[in-house]
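So this first bit is one chain, no partners, the form predicted alone, shown in C-alpha coordinates.
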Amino acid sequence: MVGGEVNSDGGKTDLHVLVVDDSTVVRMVHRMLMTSLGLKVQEAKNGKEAVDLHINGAYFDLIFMDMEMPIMNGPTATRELRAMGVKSNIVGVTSCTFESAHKDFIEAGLNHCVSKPLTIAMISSFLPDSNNK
(Lines give C-alpha, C1' and ligand atoms only; values in the text may rest on other atoms or scores of the structure.)
Protein backbone atom coordinates (compact mmCIF):
# COMPACT_ATOMS: atom_id res chain seq x y z
CA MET A 1 0.00 0.00 0.00
CA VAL A 2 1.24 3.47 -0.82
CA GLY A 3 1.23 6.10 1.93
CA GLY A 4 3.30 7.91 4.50
CA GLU A 5 5.60 5.59 6.40
CA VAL A 6 6.17 6.00 10.10
CA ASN A 7 9.67 5.87 11.53
CA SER A 8 10.55 4.47 14.96
CA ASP A 9 9.85 7.73 16.80
CA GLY A 10 6.38 7.97 15.26
CA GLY A 11 7.14 10.79 12.78
CA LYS A 12 6.41 10.74 9.07
CA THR A 13 9.43 9.98 6.94
CA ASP A 14 7.80 9.82 3.53
CA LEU A 15 4.77 11.65 2.25
CA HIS A 16 3.13 10.21 -0.83
CA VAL A 17 1.58 12.70 -3.21
CA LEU A 18 -0.61 12.17 -6.26
CA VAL A 19 -0.44 14.77 -9.03
CA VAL A 20 -3.50 14.63 -11.28
CA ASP A 21 -3.23 16.76 -14.44
CA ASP A 22 -3.74 16.14 -18.15
CA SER A 23 -0.69 18.23 -19.09
CA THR A 24 2.56 16.29 -19.30
CA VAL A 25 4.54 19.50 -18.77
CA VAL A 26 2.56 20.49 -15.67
CA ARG A 27 2.97 17.00 -14.18
CA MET A 28 6.71 17.10 -14.87
CA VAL A 29 7.15 20.54 -13.26
CA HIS A 30 5.03 19.59 -10.23
CA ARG A 31 6.97 16.32 -9.84
CA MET A 32 10.29 18.21 -9.88
CA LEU A 33 9.08 20.69 -7.26
CA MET A 34 7.69 17.97 -5.01
CA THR A 35 10.64 15.61 -5.26
CA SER A 36 12.93 18.54 -4.35
CA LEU A 37 10.95 18.65 -1.08
CA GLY A 38 11.56 14.94 -0.52
CA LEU A 39 8.03 13.86 -1.44
CA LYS A 40 7.22 10.55 -3.14
CA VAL A 41 5.20 11.44 -6.25
CA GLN A 42 2.87 9.44 -8.44
CA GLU A 43 1.01 10.86 -11.42
CA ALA A 44 -2.39 10.44 -13.06
CA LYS A 45 -3.43 11.98 -16.40
CA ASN A 46 -7.09 12.48 -15.46
CA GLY A 47 -9.58 12.04 -12.66
CA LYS A 48 -10.54 8.51 -13.72
CA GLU A 49 -6.94 7.36 -13.33
CA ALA A 50 -6.88 8.90 -9.84
CA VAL A 51 -10.10 7.13 -8.87
CA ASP A 52 -8.83 3.84 -10.36
CA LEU A 53 -5.61 4.06 -8.33
CA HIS A 54 -7.68 4.30 -5.15
CA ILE A 55 -10.02 1.49 -6.23
CA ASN A 56 -6.89 -0.65 -6.60
CA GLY A 57 -5.79 0.12 -3.03
CA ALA A 58 -3.42 3.07 -3.42
CA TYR A 59 -3.29 5.66 -0.64
CA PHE A 60 -1.85 9.16 -0.83
CA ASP A 61 -1.28 11.66 1.95
CA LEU A 62 -1.92 14.57 -0.40
CA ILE A 63 -3.56 14.89 -3.81
CA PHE A 64 -3.10 17.85 -6.17
CA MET A 65 -6.11 17.71 -8.53
CA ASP A 66 -6.42 19.75 -11.72
CA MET A 67 -9.91 21.12 -12.35
CA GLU A 68 -10.29 20.75 -16.12
CA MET A 69 -9.26 17.39 -17.61
CA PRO A 70 -10.63 15.05 -20.27
CA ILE A 71 -12.33 11.74 -19.40
CA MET A 72 -13.07 12.80 -15.80
CA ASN A 73 -12.59 16.34 -14.50
CA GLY A 74 -11.32 17.32 -11.07
CA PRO A 75 -14.67 18.08 -9.38
CA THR A 76 -16.18 14.76 -10.51
CA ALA A 77 -13.08 12.81 -9.43
CA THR A 78 -13.05 14.60 -6.07
CA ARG A 79 -16.73 13.76 -5.47
CA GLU A 80 -16.07 10.11 -6.35
CA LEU A 81 -13.01 9.90 -4.09
CA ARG A 82 -14.94 11.40 -1.17
CA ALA A 83 -17.88 9.03 -1.83
CA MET A 84 -15.36 6.14 -1.64
CA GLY A 85 -14.27 7.38 1.79
CA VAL A 86 -10.91 8.84 0.73
CA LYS A 87 -9.74 11.11 3.58
CA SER A 88 -6.55 12.42 1.94
CA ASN A 89 -6.09 16.17 1.71
CA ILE A 90 -7.14 17.13 -1.80
CA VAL A 91 -5.91 20.45 -3.18
CA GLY A 92 -7.63 21.69 -6.31
CA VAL A 93 -5.26 23.29 -8.80
CA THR A 94 -6.72 25.46 -11.53
CA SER A 95 -5.80 28.10 -14.06
CA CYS A 96 -9.33 29.49 -13.73
CA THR A 97 -9.38 32.77 -11.83
CA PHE A 98 -13.15 33.00 -11.33
CA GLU A 99 -14.01 32.77 -7.65
CA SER A 100 -17.26 30.95 -8.52
CA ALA A 101 -15.27 28.16 -10.22
CA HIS A 102 -13.08 27.78 -7.13
CA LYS A 103 -16.21 27.68 -4.94
CA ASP A 104 -17.81 24.93 -7.05
CA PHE A 105 -14.58 22.91 -7.00
CA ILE A 106 -14.27 23.27 -3.21
CA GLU A 107 -17.88 22.18 -2.79
CA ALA A 108 -16.97 18.95 -4.59
CA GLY A 109 -14.94 18.01 -1.49
CA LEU A 110 -11.60 19.79 -1.72
CA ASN A 111 -9.65 20.82 1.35
CA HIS A 112 -8.13 23.79 -0.53
CA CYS A 113 -8.12 25.33 -4.00
CA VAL A 114 -5.21 27.27 -5.50
CA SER A 115 -4.37 28.85 -8.83
CA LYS A 116 -1.57 27.63 -11.09
CA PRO A 117 1.35 27.69 -11.15
CA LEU A 118 2.29 25.81 -7.98
CA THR A 119 5.41 26.96 -6.19
CA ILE A 120 7.57 25.28 -3.56
CA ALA A 121 6.12 27.67 -0.96
CA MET A 122 2.55 26.74 -1.95
CA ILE A 123 3.30 23.02 -1.85
CA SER A 124 5.10 23.38 1.49
CA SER A 125 2.08 25.12 3.01
CA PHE A 126 0.09 21.88 2.62
CA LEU A 127 2.70 19.65 4.29
CA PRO A 128 2.67 18.68 7.97
CA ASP A 129 4.99 20.82 10.11
CA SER A 130 7.53 18.00 10.36
CA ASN A 131 8.14 18.23 6.61
CA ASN A 132 7.65 22.00 6.34
CA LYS A 133 11.11 23.25 7.35
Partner chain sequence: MDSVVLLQRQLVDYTAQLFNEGFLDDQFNQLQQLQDESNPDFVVEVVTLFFEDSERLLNELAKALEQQSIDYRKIDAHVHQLKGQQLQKVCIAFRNYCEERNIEGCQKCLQQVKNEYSLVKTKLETLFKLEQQVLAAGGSIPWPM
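Only a predicted model underlies this, so the values are computations on that prediction, with no experimental measurement involved. Residue numbers count along the first chain shown, from 1.
One more form of this protein exists, namely the form predicted together with its partner chain; it is left out here, but the text below deals with it.
When you look in the model of the complex, the only residue of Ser115, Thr119, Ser125, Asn111 with a non-hydrogen atom within 4.5 Å of its partner chain is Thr119. Between the options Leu39, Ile106, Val86, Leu33, the residue in contact with its partner chain in the model of the complex by a heavy atom within 4.5 angstroms is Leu33.
Stretch 25-33 is the contacting one of 55-63, 42-50, 25-33, 77-85, since its residues have non-hydrogen atoms within 4.5 Å of its partner chain in the model of the complex.
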